[in-house]
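Consider the single chain below, provided in C-alpha cells and representing the form predicted alone.
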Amino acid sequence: MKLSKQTRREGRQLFRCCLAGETLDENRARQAVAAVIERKPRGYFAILSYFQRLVRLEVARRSARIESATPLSAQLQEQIQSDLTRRYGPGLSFAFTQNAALIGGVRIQVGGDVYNGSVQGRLAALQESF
C-alpha cells in the first residue's frame, strides 16, 4: 500500500510524541493510538499502520539476539552485553540462545546489523568465493 507524504508525516509525528528521550514509551504509545482511534482523522488507518511499522523497527533496533553453538559463560555474556551497550547505547534487551548449526563461534544481531563470527558463516563465505 502506497502512503501519502501527509500520512507518513503524521505517523512520524505520532511516533516522536511517544519517545521519552531516545526510547519508546509504551504507555505514551498506547495513549496516542487511543487518541487517534477516538478522533478518527482522515486516513487514520494508514497513519496507524505506518506508526506500527515505526514501532516495530524501533523495537527491533533496541533488541539484541546472540546465538552461540555452546552455552556462554556468565562472564562472556556480561562482556558482550557491555560491548553492545557501549556501541548501541543503554536500553537494549538481550536474548542469548544456542544454535548447534553454527558449529562454533557467535552470531549477534542487533536490529538490521549482523555480526557473524561463526564457523558456519565463514564456511558460507568460503563457498561463495568459489
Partner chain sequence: MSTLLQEIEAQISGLKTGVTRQNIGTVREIGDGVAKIEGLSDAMLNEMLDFGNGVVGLALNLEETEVGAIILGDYTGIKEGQEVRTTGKLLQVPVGKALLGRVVNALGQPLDGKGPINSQTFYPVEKIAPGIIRRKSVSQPVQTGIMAVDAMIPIGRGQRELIIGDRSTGKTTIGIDTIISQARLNRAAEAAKDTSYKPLYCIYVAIGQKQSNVARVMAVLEEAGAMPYTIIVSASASDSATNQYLAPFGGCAMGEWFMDNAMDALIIYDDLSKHAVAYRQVSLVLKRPSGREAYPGDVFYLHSRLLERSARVGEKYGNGSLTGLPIIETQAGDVSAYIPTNVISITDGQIYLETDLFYQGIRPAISVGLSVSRVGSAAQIKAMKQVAGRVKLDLAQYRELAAFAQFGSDLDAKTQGQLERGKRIVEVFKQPQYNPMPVEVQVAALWTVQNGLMDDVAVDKIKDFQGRLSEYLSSRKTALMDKIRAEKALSDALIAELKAAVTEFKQTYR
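Positions refer to the first chain, counted from 1. Nothing here was measured: the structure is a model prediction, and the numbers come from that model.
Separately, the form predicted in complex with its partner chain exists; it is not shown, and the next lines address it.
Q: Picking from 93-101, 69-77, 53-61, 29-37, which part of the chain touches its partner chain in the model of the complex when contact means heavy atoms within 4.5 Å?
A: Only one stretch qualifies here: 53-61.
Q: Using a 4.5 angstroms cut-off on non-hydrogen atoms, would Asp25 count as touching its partner chain in the model of the complex?
A: Judged by the heavy-atom cut-off of 4.5 Å, Asp25 is well away from its partner chain in the model of the complex.
Q: Does its partner chain come within 4.5 Å of any heavy atom of Cys17 in the model of the complex?
A: Taking the distances in the model of the complex, the answer for Cys17 is no, it never comes within 4.5 Å of its partner chain.
Q: Whether Gln120 contacts its partner chain in the model of the complex should be assessed with a 4.5 Å heavy atom distance threshold; does it?
A: Residue-level check for Gln120: no, no contact with its partner chain.
Q: Any chance Gly21 has a heavy atom within 4.5 Å of its partner chain in the model of the complex?
A: Flag for Gly21 set to no.
Q: Taking only heavy atoms into account, state which residues of 99-130 are within 4.5 Å of its partner chain in the model of the complex, ordered by sequence.
A: Contacts from 99-130: Arg107, Gln109, Gly112, Asp113, Val114, Tyr115, Asn116, Gly117, Arg122, Ala125, Leu126, Glu128, Ser129, Phe130.
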